[in-house]
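One chain is shown next in structure tokens, namely the form predicted on its own.
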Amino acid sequence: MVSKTEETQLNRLENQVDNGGGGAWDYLCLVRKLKVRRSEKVFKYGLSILNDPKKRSALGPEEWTLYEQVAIAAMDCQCLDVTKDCIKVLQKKFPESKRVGRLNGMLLEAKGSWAEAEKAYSSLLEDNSLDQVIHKRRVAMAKAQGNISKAIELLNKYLEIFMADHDAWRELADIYVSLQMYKQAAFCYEELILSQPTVPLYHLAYADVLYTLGGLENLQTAKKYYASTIDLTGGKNTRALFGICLCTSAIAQVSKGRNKEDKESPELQSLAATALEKDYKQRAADKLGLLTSALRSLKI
């Protein structure tokens, strides 16, 4: 994830290059380091360096990295002829490279030649079954074709091998949520919380899923995870504050007629409602009436 400082640095450097102040190579290096997608700029400035023999030769071994970077950016910009030219140069320099083989598979994807791309990726996996990039490309390809069931199958197989890949767990959770398979999504978020317990995003997403599932036990657990989100964010997560209020209201409805032991103390929801009102007064005073009305409808 890119920090605000890094994003500011990147934008400043981009403006400098755009205005003819130089620093194109530094900009391209920073884009690569931060793993951000600025394809049009990368394509424009990267190609200008590659087309200048003097600038290109000054890069040394980094020249080949730039060819790869421009090839990927050109695919994003639908300039497939440029991608093809870059791959030809790389194939000539590294004739047996699996990395170049991956680029060729991506080019086939960009052309919509799904069967050929699948064949290319399968061949590369035969040589190295632990190539994470190729496994992920196959998932992306299945999604691009609208074959969500295959994407789920491939992701599950991938996670059997690479269980610590947080991005893959998040991707699988997102797919399950989009299909309203909330129990499976909850499992994914449980895995993420176990591996990264201090990331508030996972606590929040898990709470959302449990709240959607409903039922007294799920609602009580959701409330706890909304509370942990608030704790991890220093009380500044508006969604989690709303979540506390919604869970409290839902639990009250479900608990009607039950023993007093099943009912919860109103202290937490009162604090959440107060924090919401304070936040709205500071940032959206004109919406305070709507908030008050909403909280009143929840009987808070």
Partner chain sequence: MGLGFIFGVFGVLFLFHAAYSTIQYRGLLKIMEEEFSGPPMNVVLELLLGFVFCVSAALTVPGNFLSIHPDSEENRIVSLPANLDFMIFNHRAKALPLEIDMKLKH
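Every value quoted in this text rests on a predicted model; they were computed, and no experiment measured them. Positions refer to the first chain, counted from 1.
Note that the form predicted together with its partner chain isn't included here; everything after this is about it.
Annotation: in the predicted complex, residues 37, 44 and 79 each come within 4.5 Å of its partner chain through at least one heavy atom. Among residues of the shown chain, residue 274 is not one whose heavy atoms approach its partner chain to within 4.5 Å in the predicted complex. Looking at residue 131, you'd find every heavy atom of it more than 4.5 angstroms from its partner chain in the predicted complex.
Residue contact with its partner chain in the predicted complex: residue 72 places a heavy atom within 4.5 Å of it. With a 4.5 Å cutoff on heavy atoms, residue 57 does not count as touching its partner chain in the predicted complex; it lies far away. Of the stretches 123-131, 141-149, 180-188, 219-227, only 141-149 has residues with a heavy atom within 4.5 Å of its partner chain in the predicted complex. Contact annotation: of the candidates 65, 255, 233, 249, the single residue with a non-hydrogen atom within 4.5 angstroms of its partner chain in the predicted complex is 233. In the predicted complex, its partner chain lies within 4.5 angstroms of at least one heavy atom of each of the following residues of 81-97: 81, 82, 85, 86, 89, in sequence order.
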